[in-house]
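First, one chain by itself: the form predicted alone, in structure tokens.
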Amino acid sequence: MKRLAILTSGGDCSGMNATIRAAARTAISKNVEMIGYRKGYAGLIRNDFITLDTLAVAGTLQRGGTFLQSARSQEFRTEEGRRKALDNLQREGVEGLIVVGGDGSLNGALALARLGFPVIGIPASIDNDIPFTDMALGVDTALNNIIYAVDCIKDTASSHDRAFIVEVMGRGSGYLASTAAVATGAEFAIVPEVEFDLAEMCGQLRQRHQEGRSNALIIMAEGAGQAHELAGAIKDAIGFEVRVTVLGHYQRGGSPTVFDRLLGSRFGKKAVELLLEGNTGVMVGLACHALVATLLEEVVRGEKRPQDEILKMAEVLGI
């Protein structure tokens, strides 16, 4: 192979730039040209790309988001759109593609692989909901952002005898909420995978207030309900005043942590090596600190179950 390409698709996250940089530099070290498609599959269909030489990726390692940008493409979901993307790859002499993104992006990578094009997927999702990898890109940075914000909120909660409900991202996954609850000492983690008893929660919070505790903290995943609705349901039943903070897209940005810089670098390097070795149609993942390759067919069919240990730990330590 003499020419490879990379794109970032779906939601952005910190660590994507580290991946792009590592992939480009690894390719260059092996005398292979690397190009980057802008705005994901939409750019692939428009044939909008740049050459990723050493200058193009310089100074990107510490930046959050993705300098190639990202976008969702309805056209790529169609057979015609995928054929147009494939034609562009072949016209430009691209012999292998690296796709960095979440479940939708990896489904797109599989679609190209089924058309016979060499593709490697890299998991990037702050929800950490992609199977066959212990961690996806961006998770660690998002968690650190959440922890910093919640620690600040806890200071003001304790100063005013308040309970705070902090809504974090996670439409179908409670990983961020449950892990953040353990790391911040929150009383409750509310996640979409587990039903919670509102009356029991109110009783425990009321007991804490009667014991003289000065604050309470609830971490809620967005997929488990609306934080403002929960606040309205408990405001007169727990003793504490109730306030809500929705962290929103703050969680996804910021300079990547050391973990995400290293993970992105490892993923990018490995993806290029796999393509040059003739391994395609797989996703690079992390398993017990080692890099593993799993067929994209298995990844898109799989489901990542919540970590029961973390959920139970959040429950026990919140007592």
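What you see is a predicted model, and the numbers here were worked out from it, not measured in a lab. We number the residues from 1 along the sequence you see.
Heads up, the form predicted together with 6-O-phosphono-beta-D-fructofuranose isn't pictured, but that's what we're talking about next.
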| query | finding |
| --- | --- |
| Selected contact from 133, 105, 141, 125, since only one has a non-hydrogen atom within 4.5 angstroms of 6-O-phosphono-beta-D-fructofuranose in the predicted bound form | 125 |
| Proximity to 6-O-phosphono-beta-D-fructofuranose in the predicted bound form, single hit among 187, 222, 193, 95 (heavy atom within 4.5 Å) | 222 |
| In the predicted bound form, residue 252 touching 6-O-phosphono-beta-D-fructofuranose (heavy atom, 4.5 Å) | yes |
| 6-O-phosphono-beta-D-fructofuranose contact in the predicted bound form: residue 77, any heavy atom under 4.5 Å | no |
| 4.5 angstroms heavy atom contact with 6-O-phosphono-beta-D-fructofuranose in the predicted bound form for residue 169 | yes |
| Interface membership of residue 72, 6-O-phosphono-beta-D-fructofuranose in the predicted bound form, 4.5 Å heavy atom rule | yes |
| Proximity to 6-O-phosphono-beta-D-fructofuranose in the predicted bound form (heavy atom, within 4.5 Å), stretch among 125-133, 230-238, 81-89, 211-219 | 125-133 |
